[in-house]
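Read on for two forms of one protein chain; each stands alone as structure tokens, with the labels structure 1 and structure 2.
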Structure 1
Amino acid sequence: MKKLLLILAMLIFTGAICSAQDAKEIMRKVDDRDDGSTEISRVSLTSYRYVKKNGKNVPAEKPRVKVMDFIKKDYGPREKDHKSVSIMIEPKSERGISFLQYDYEEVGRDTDQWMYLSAMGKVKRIVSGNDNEPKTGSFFGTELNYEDMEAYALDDYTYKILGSETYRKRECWVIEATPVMRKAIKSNYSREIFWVDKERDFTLKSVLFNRNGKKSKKIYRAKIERIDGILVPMKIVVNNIETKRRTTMIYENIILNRPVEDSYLTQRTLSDKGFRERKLKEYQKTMM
């Protein structure tokens, strides 16, 4: 009897290990999916407070619409390091406000972020209050915070397959990601659940839970198109359950794998208006 129980325990333990490995392998495929070596795009950001009406979320105020240009380039042998700059184009009163970000594949190395506020004429580094606190603040006044903008780091989480579901007529894995300690102490979230398209290795939906374990945000990726053979979600909806606010990101245009100069992905672009605008016009022409 003891031997039988031991065998059963070993099978359960082995099964749990295999499940975790399988879950991480699924997420690795998502992480390794080709998203282009460079990106030049124009994105509209529409944000508003919502209320429930007839079972649907509807705007409770006039939506605020902003437009930004986004430029990104991948680095490193596996192209897992990224540099990107986001530049506000509209409204006119906010033109020139910019956000620079460097993501690193190196385990434990934090993302570097800087914000340039044109009204103040200063570059501000985005940091947390201390080493054991998450970053606070909103990205361009949307429902995305600074942590949401960081590239996803596979080894910052442990994974578990919760099941399989059909979502928007696509067969999906439902996978739970829980941050490891080094990530958890700096994160706004205690866990995240992904709906991963089994056929395309693409995340269609995710639900984020706050540090108290309550649902915080739902993120939806829709209007998936192939551009130069690469899957791109042309519409991303961020529903902030806690604030009852929603931001919808729409790609008005996007170009992949076109040349991007390293010098443009530096702090000079934030503070040197002439340099920023001159080079930006060149990148904008590639989208025409």
Structure 2
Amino acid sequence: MKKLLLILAMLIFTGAICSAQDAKEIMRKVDDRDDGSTEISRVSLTSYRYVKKNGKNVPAEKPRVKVMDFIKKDYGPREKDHKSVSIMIEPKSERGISFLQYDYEEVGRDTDQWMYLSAMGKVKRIVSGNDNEPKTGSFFGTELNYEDMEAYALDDYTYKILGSETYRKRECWVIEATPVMRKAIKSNYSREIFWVDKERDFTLKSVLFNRNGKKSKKIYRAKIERIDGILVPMKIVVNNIETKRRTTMIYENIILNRPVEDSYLTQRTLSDKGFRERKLKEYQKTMM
């Protein structure tokens, strides 16, 4: 009998490890999916508070619309380091504000960020934040915070397959990600659940739980199109359940894998608008 219990325990333990490994493997495929070595895009971010009216969630205020140009280039052997520039086009009150950001795959290496405010007339380095507590600041006033905008680190989570279900007519894995201790202390979320398209290794939906274990945000990825051979969600919706606010991010245009010079991803692009516009025009020409 003792032997039987031992075998039983071992088998259950082995099964759990298998599940975790498979789940991680699925998430690795999602993470490794080609998203292009460069991206040149124009994005609009629409945010508003909503209320339920006649069974529909409708805006309770005039939506705030931000439009920005975004240029990103991958670096490193695994293309997991990124340099990006974000330039605010609208609203007029924020026009010209721009950000330069360097993200690194290396665990513990802080993101480098610089901001240019046209009113200030100089490029200013921004503090990347404390790694021992959550980053709570809103990204441009949207429902995304700075943690949501960080590059996803696969090893920061343990994974478990919760099941398999059809979502939006696609067969999906339902996978739970729980942050490991080093991530948990600095994350806004205690766990996340992903709906991963089995065929395309693509996350269609995710649900994020706050540090108290309550549902916090739902993120939907819709209008998935193939751009330059790469799948891109042209519309991303973030529904903040806690604040009853919603942000919709839409790619007005996007091109991938076009050459972007290293010199474009420097401080010069923030402060020298002539250079920025000229190069951007060159890059955007390839959209035609």
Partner chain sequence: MMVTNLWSIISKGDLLVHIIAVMVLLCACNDASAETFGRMEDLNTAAAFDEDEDEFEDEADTAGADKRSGLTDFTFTLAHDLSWATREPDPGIVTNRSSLRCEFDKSFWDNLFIKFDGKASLYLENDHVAEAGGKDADVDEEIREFYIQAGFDRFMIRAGKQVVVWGETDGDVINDVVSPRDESEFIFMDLEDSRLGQYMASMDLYSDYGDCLFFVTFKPGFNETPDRGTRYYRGLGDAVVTEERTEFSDREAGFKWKKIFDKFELSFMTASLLQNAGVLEHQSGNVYNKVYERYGFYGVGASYTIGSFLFKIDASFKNDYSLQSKGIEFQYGKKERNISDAAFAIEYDANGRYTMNLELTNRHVFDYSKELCGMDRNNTGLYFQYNKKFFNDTLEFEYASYHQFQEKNTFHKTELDYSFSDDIELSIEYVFFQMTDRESFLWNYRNEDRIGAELKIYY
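Whichever C-alpha set is largest while still superposing within 1.5 Å between the two forms counts as the rigid core. Residue indices: 1-based, along structure 1. Please read these numbers as outputs of a predicted model, since none were measured by experiment.
Q: Sort out for me whether 1 or 2 is the form predicted on its own.
A: It is the first structure (the form predicted on its own) rather than the second.
Q: Classify S187 as shifted (yes) or not shifted (no) between the two structures, where shifted means its C-alpha moves by 2 Å or more with the rigid core superposed.
A: No, S187 moves less than 2 Å.
Q: State yes or no: after fitting on the rigid core, is the Cα displacement of K53 between the two structures at least 2 Å?
A: Shift at K53: 2 Å or more after core fit.
Q: Examine W173 after superposing the rigid core and state whether its CA is displaced by 2 Å or more between the two structures.
A: Not so; W173 is displaced by less than 2 Å.
Q: Rigid core superposed: how many angstrom does the CA of L265 shift between the two structures?
A: Rounded to one decimal, the shift is 2.5 Å.
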